[in-house]
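Okay, so we've got a single protein chain in two different forms coming up as C-alpha cells, structure 1 first and structure 2 after it.
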Structure 1
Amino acid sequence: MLADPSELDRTASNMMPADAEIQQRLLFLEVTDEDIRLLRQIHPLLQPRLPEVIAGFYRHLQTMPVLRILLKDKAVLDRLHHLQASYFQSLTAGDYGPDYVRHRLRVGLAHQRIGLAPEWYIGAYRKYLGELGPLLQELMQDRPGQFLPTYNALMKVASFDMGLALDTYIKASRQQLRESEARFRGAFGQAAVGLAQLSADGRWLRANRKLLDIVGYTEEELRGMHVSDLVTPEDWQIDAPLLRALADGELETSSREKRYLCKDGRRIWVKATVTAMQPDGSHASLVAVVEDISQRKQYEEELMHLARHDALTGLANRTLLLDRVSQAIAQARRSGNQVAMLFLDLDRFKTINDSLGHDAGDRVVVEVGRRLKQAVRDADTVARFGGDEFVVLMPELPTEHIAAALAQKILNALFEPMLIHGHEVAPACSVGISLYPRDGADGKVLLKNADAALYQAKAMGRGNYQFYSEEMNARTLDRLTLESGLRHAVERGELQLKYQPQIDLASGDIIGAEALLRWHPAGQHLIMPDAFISIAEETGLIVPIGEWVLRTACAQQVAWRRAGLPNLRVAVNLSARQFRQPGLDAMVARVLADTGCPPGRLELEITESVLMERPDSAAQTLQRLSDMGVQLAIDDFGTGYSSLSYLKRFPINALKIDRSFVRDIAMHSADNDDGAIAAAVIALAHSMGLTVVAEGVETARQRDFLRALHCDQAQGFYFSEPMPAPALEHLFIKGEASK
C-alpha cells in the first residue's frame, strides 16, 4: 500500500537537510551554472520522450520476480508512474533548490514505504542513465560536441538525487527504529504482565514496573540479583538445568509454574516463561514473562481441598480417603505391616435429626468429627462419607489389637454425651473393621468389607465393634438387590415374625410379646430389620409389609389363645411412613375384624421422633386408634429428647424405656443421678397412668434394679431372645409348669 500523501509530505519535510547542506552537496558534486544551462537546454527536447523512458524503466523493474510482487497492485503502479513523470520533468528543469529536494525525498520515501530496497534504487538509476545516454545522443545529433558535457551534468544531478534517496532510506529506517523502540518501551513498561531481560547466566538486567510490583524489589536491587535469589531452593534445582539449556541454545523457551520469594518474605506463585533471544549466538540474552498466578493457585488449592474434603467437618472425603488407602497399602506392602479401615455410623442419628432438627444433626456430626480426630494418631485419616458415616484409616499397623483398641476408644468417646441446643445427646456408634492384607487388596474392597462388619456390629445390638470375616459377605447384599428382593418378599412368603416375650416384673409372668420382623430370602441368610426397614420405608414397601406384620401378629394372638395360652398382648412396631399413611386406622380395624384379635390385646409401638415430627396430626391419628380400643406405646423412650409432660397430649398407654437408657441406669447404683432420673421417669409415668416397659434387659442386676424402681414390665435377652411363635408357646408352657 502506498502511504498517505500528506503524511509523506510531512515526513519528507522533517527530513529536509538545511540549505547550506544542499549547497555543500551540489558543490561537492561540482554542479556548475554551465551544467544547469546545458540541462535546461536539453529539457524541452526530452519531455515528449519521457513516457517511453518511464515505461521501459518499469518494464525493467518487473523482470525481477521480487519487484513484480511489490508492483503488482495497479494503484501503486499508477501512482509511481505519476511520481516518476514529475520527477523526470524536474530532473532537467535546472532548479535544484529546497522544492526539488523535498520532492526527491518524497519519491524516495514512497519507494521505501512500499519496500523497494536501496539496491533496486541504485539499479534503477543505472537503468535511467543507461537509457538516457543513447537518447541524449540521438537528440543532440546536431551538437555532438555538447553531448558529453550534458550527459555529465545529468550524471551529477542523478548522483545528487541518489544521495537524497539514500538519505530517505537511512533516515526513515532510523525513524522506524526509534518508533518501534518507543513502542517497545511503552509496551514493556506498561505491560500487565511482568517482563524482564536476563543475561544468559541468569542475572536480572531490566525489569518492567509490573515485575517490580510483583516481587517488591526496585530495579536497582533486582539488577544486582541472580534468578536463583528469587526462587525457592526446590525450584532452583529444576530451573538451573533449564537455564543452562536456554543459554546453550538447546532450548528455545521454558515455561514453568513456581514460587517466587518476594522482598517482604512472602512466597507467591508465578508462571515464568523464559525465552532465549539468540539461541545460537554466543551472547544469548533471555527474556522472561512473569505472571502472578497466586490467586489462581489459591482457587485451585481451595477447589482441590473442596474436592477432597467434606464441607461440613473439613474431614477427608471418600476421594481423599481412597488416595490415602492406596498410599498406606503401598507402604504396608514394603514394611510388612497391616492397614486397618474402621467404618462407623451413629446409632441414633436419624432420631437426633428428626427430633432436634438438621442444624442439631450437623452440630452432632461436627462434634463427632472432632472427637474422632482427637481419638486417632496424627498419621491416621478420619473421613466423612456424608450423613452419619465416618471412616478411620490406620496405616502401619503392627497388630490388629491396636485397631480394636482404637475402635473401643471411639465407642467410649462417642458415648460421652454432648450438649446440643440445650439437650444432652450421646450419639453412640457401631464400628466395622477390615484389615489389609487379610480382608482385601485395595481400598474399595476394604471399605466394602468394613461396611459388612459394621452391618454385623449393628445386628449384634449396636454400640460395639466387629472385625470383618468372610461369612459376612453373604449378608451384605447391596441396596439394589435388597430393594428388588424386598418387592417380592411378601408374596414369596419370605417374611417371618419372631416374638420376644414381655415379662411382668412383679410376677415374672409372660404377659405379651413384641413381634419383630425377619426376612429370609430363599437360599440366603436371615436379614435383620435394621438392614431393610429403612429401604422399605423409602420405597413405600413398608405399607404392604407393615400390614402383613399386623395381620400375622394378630392372627398369632388368636392362635395362642386357641392353643390355651392366656389372652397375651401382641406388640407391633409402626414405622413413620406407616403412621402417616392415610387410612391407617381403617386398615387396623379391618385386620382386627378379619383375624378376630381383640383391640385391647394389640399394642402399637410408635417412636418418640415420629410423634414429634407432626404432633397435631399424630395426636389425631392416635386418638382414632385409641378410640378403637387399641393400646399405644411410645417406643425407644429416652432417645428422642421429648419430655414426659409433652407426651401428655397424646392418648398413650405405655412407655418403653430404650435399652441404652436401661444399660446406663443399670451401670450405676440407685443412689446415683442416673438411677434417680430413672426412678423419677418411672414415677412420673405412673402418675400419668402410663405402664412402663423396660427394653434390652440383659442381666439379673438390671432386672432387680428395675423391679426396685417399680418398673412394670420388661423384655430383653435376660428373659428371652426373640423366638418363633411355637418356641414362645413352649416357653410359656414350661414357665407355667415350673410354678
Structure 2
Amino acid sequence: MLADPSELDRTASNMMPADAEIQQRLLFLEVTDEDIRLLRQIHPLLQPRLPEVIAGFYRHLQTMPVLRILLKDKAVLDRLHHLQASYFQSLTAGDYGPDYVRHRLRVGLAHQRIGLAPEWYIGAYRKYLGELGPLLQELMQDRPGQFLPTYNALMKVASFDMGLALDTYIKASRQQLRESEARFRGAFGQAAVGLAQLSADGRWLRANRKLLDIVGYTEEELRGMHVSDLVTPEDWQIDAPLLRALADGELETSSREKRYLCKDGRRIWVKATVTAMQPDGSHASLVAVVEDISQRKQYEEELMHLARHDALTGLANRTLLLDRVSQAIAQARRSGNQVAMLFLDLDRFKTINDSLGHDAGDRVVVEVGRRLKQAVRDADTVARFGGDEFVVLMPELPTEHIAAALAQKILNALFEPMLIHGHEVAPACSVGISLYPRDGADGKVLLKNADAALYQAKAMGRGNYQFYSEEMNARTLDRLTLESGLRHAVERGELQLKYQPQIDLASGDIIGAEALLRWHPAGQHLIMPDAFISIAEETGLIVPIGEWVLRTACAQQVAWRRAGLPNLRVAVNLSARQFRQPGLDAMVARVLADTGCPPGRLELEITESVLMERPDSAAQTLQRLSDMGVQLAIDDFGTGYSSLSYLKRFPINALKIDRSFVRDIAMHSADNDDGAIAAAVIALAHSMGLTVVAEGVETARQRDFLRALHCDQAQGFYFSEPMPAPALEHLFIKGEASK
C-alpha cells in the first residue's frame, strides 16, 4: 500500500542529490540545450496523446500475475496512475532541476513501497519508450529529420529518470538495512535472554549484556575464550560432537540444559540453544541463545524434594525409600551382602497427642526423626511414613547382627526423655526387622514383612525388636482373615451370647448372669473372645459389636422375665474403646428404651485399668450411667492401679475379684498372698457399701473359703460354664446350680 504523500515528500527530500550532482549526471548523459529545445518543441503535441500511452503502460504491468497482485487495490492503482500521469507530463517539459528530481524520486518511492521490483520497473520503461517511438514518428511526419534527435533526447532524460528511480530503491534498501541493523543491535543488546555469536570452532565473537551478566565476564574477556571454558568437563563431552555437527551442517539446532562456570566460581543452570546461521563448512557462524534457568531448577529441586521427603521432618518419604531400596537390593545382588529394613512406630503416641496436643505430637515426631538420624550409619536412610511410623533402610549388611545392634541403639535413644512444652516425654518404640534376600525380593515385600515383625514386637509387650519369620506372616494372614470376617459377623448373624450364672453365695440362688460373647462363623469352629476382641478394639469394630451385645443381652433379660423367671440381672462388659466412645450414655439409654429392659436390671462392667486412664472423665461418664439407674461394677479388680481416693468418687455398685486371686485360695490357707488379697478386697468393698463378686470359682473349697470371708456373689465353672439362654432358663427352673 502507498505511503502517505507527506511521508513520501519527507523521504524524497532526504534523498535529494545536490545541484552539482544533478548537473553532473545530466552532463554524463550528454543532455544538451538542443536536446531540451527539441523536447520542449514536441511537448505540446505529445500531451493530448499521453493518456493512451499511460493506459498501455499499466495494461502491460498487469499482464504479469505477480504485478496484478501488487496493483489489485484500486486506491493504490489510482494514486500511482495520478503520479505517473504527472511525471509523463513533465518528462518532455524541458525543466530538469530540483523540483523535477524530487517529483521523480516520489514516483520511484511509491513504486518501491508497493513492492514493484526494479526488473519490472525497467521493463515498464522499455514498454513506455517502445510505445512512444511510433507516436513521436507520427507526430513529426512533417519534420522527419528531427525524429531521431528528439527520440534520442527523450531516451537521455528517461535514462536520467531511471537512475533516479534506482536511487530510491538503493537508498531505501540501505535505510531499511540500517534500521534493521539498529533494531537488531537494540534487541540483541537489550534482550531478556543471553545472545551470542560464535565461530564454527566455538570461539566467542560477540555477546549481549544479558549473557555477560549471566557469566560475569566482560565482552572483551569472553572474546578471548572458547565455549568449552564455560562448561564442566562432563558437559563438554556431550557438547563437543554437537558443535562439530552444527559447524558441518549435519545439525541445524542443538538445545540442552547444562551448567555454566561463572567468573566468580559459581555454577549456574542455563538452557543453551545453538543454531547454525551459515552451515557451509568452516565458514559457518553459530548463534547461541542462553537462558538462565537457575531459579526454575531451584523450584524443580524444591518440588522434587517435597515429592520425595516428609514435610514435617525433612526425612525421606515412602517414594524415596522404595527407590533407595531398589538401589540397595541391586547393589546387594552384586556384592552378596544383605539389606535390612527396620519398621518402627512409637508406643503410646496417641496418649501424647491427646494429652499435650498435636503441636506437641509434631515436636515429638521431629525429635524422634533427629535421634534416628544420629543413631544410623551415614549410608542408611531414615524415612517417615506419616503419623508415628518410621522406617530405617540399611544397605550392604554383611551380617544381621548389625541390624539388631542398630535396633537396640534406636530403642535406647528413644527411651531417653525429651522435654516437650515443659513436660518430660519418653516415646519408647517397637521395631520390626526384615532382611533381603531372606524375607523378600523387593521393597514392598520387605516393608510388609517388617510391618508384620513390628506387630509381633508389639504383641510381645512393646519396647523390643523382632526379626520377621514365616510364622509371623501366617499369624498376620490369620489376623487379616479374622478381621475381614469380623466386619460382617453382625450382619451375617454369626455372633452369639452365652450366659454364665452369678450365684448368691449365702443362699445358692441364681441372681443374675454375665453375657459372654462368642463368634461362630458359618462352617467353622467356635471362636473365643481372646482371639478376636483385640482385633475388634484396634479396628473400631468393637463399637457396633458392643452395641449388638448390649441390645441382645437386654432383650434376653426381658424375654426371661416374660417367661416367668425372677427379675434376673444381666451383666455386660464394656470394652475400653466403647467406654471412651462419645455418646455412650445416650446409646445405653436408647437400647434400654428399645428393649424395655429396666435400668436396674442391667449391670455394666468396666475394668479398673480403663477407669484409671482418665479418672476424671471416667467419673463423669459413670455418673451419667448411674443417674439412669444402671448398675456399675469394676471388673478384674486388683489387677490395675486403682487409687482409693478415685475409687470413692466412682458411683459403682460392685467389685469383681479377678480370677487370678481366686485360683489358688483354699479353706485352710487364709494366710497365703491370694487369700489375703481376697480378704482385703472383700473387707474394703463392704466398708464402702459395695457388693463383691468373685470370678473363676472352680472348686467347692474355693466357694467355701469365699463364703467364710462373706463374699456376696460368685461365678465360675464350679457353678456352671457359660451356656445359651434357653439352657440357663432350664437350669434355673430345675434348680441345678451347685450350692
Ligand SMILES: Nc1nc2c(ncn2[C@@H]2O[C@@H]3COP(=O)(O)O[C@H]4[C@@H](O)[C@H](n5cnc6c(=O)[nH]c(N)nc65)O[C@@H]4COP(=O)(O)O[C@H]3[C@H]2O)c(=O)[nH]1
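These numbers were taken from a predicted model, which means no experiment stands behind them. By rigid core we mean the largest C-alpha set that fits within 1.5 Å across both forms. Here, residue number means position along structure 1's sequence, counting from 1.
Between the two chain copies, the one drawn from the form predicted in complex with the named molecule is structure 1. Once the rigid core is used as the reference frame, the Cα position of G265 differs between structures 1 and 2 by less than 2 Å. D616 shows a C-alpha shift of 2 Å or greater between structures 1 and 2 [criterion: core-superposed Cα displacement of 2 Å]. In the core-superposed comparison between structures 1 and 2, Q331 has its Cα shifted by at least 2 Å. For L565, the Cα deviation between structures 1 and 2 after core superposition amounts to 23.2 Å.
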